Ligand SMILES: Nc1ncnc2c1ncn2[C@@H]1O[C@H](COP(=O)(O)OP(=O)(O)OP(=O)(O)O)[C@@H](O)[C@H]1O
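Just the one chain here, the form predicted on its own, laid out as structure tokens.
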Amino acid sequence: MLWGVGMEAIKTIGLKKNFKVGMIEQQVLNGIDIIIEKGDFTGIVGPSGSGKTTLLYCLSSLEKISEGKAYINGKNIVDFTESEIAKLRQSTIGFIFQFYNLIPNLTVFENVLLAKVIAGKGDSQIEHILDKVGMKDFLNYYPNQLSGGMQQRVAIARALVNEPEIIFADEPTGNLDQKIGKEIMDLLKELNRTEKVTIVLVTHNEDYLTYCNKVFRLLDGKIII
């Protein structure tokens, strides 16, 4: 899909999310209205339990919303079938998590290749992507031979390899020290700038908001800013 100038990458209207615990239904998100434009580097922040990770998962289709609408590229993902959601994850969006989730018995190259295989694509561009994240010289290394920061770089390459338009990052520096965390944030910002990838970042670190051109603050399941 070709993007237009100023086109909305993500939009929600009255988004609500409830979880049922036993006989009790708990509301985690209560009427979220947001707009994220193409190319935004958006931060979602809030105290523990505010709903920020749940919001990220709803925006990215990892969680089904309870009420309201959530649009990606102008299409309401609430109405998507399972096959349409799978295609969305393979072609339009990428994920970076706090835990790198690399497969231990696969090399760096093979971990990134797996994302392409799942999407039904060939092995082209893998070395190019690994070069972008500074990991080209470690193609044949296994995850246990890499530092935490290096593993996260591989996870970022895996998220990028199918050329997504949007990357959802859930506390991507949560397991890293301050210095390496800043390097990962610098890398994400550079990819946002050069590749025009829209990034939606959940973080508890207020210092990282300087990387964002848009910030949503959550408290008790509602946007407060």
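Since the structure is predicted, the reported quantities are computational estimates derived from the model, not experimental observations. Residue numbers run from 1 along the displayed sequence.
There is also a form predicted together with this ligand; it is not shown, and the following applies to it.
Comment: 51-59 is the region of 51-59, 158-166, 179-187, 192-200 lying near this ligand in the model of the complex, near meaning a non-hydrogen atom within 4.5 Å. Taking the partner from the other structure, this ligand in the model of the complex has no heavy atom within 4.5 Å of any heavy atom of residue 40.
Taking the partner from elsewhere, residue 63 is found to have a heavy atom lying within 4.5 Å of this ligand in the model of the complex. The closest heavy atom approach of residue 16 to this ligand in the model of the complex falls outside 4.5 Å. Shown alone here, residue 11 lies farther than 4.5 Å from this ligand in the model of the complex, counting heavy atoms only. Taking a 4.5 Å heavy atom cutoff to this ligand in the model of the complex, the contact residue among 36, 32, 70, 28 is 28.
If you take 144-178 and check each residue for a heavy atom within 4.5 Å of this ligand in the model of the complex, you get just 171.
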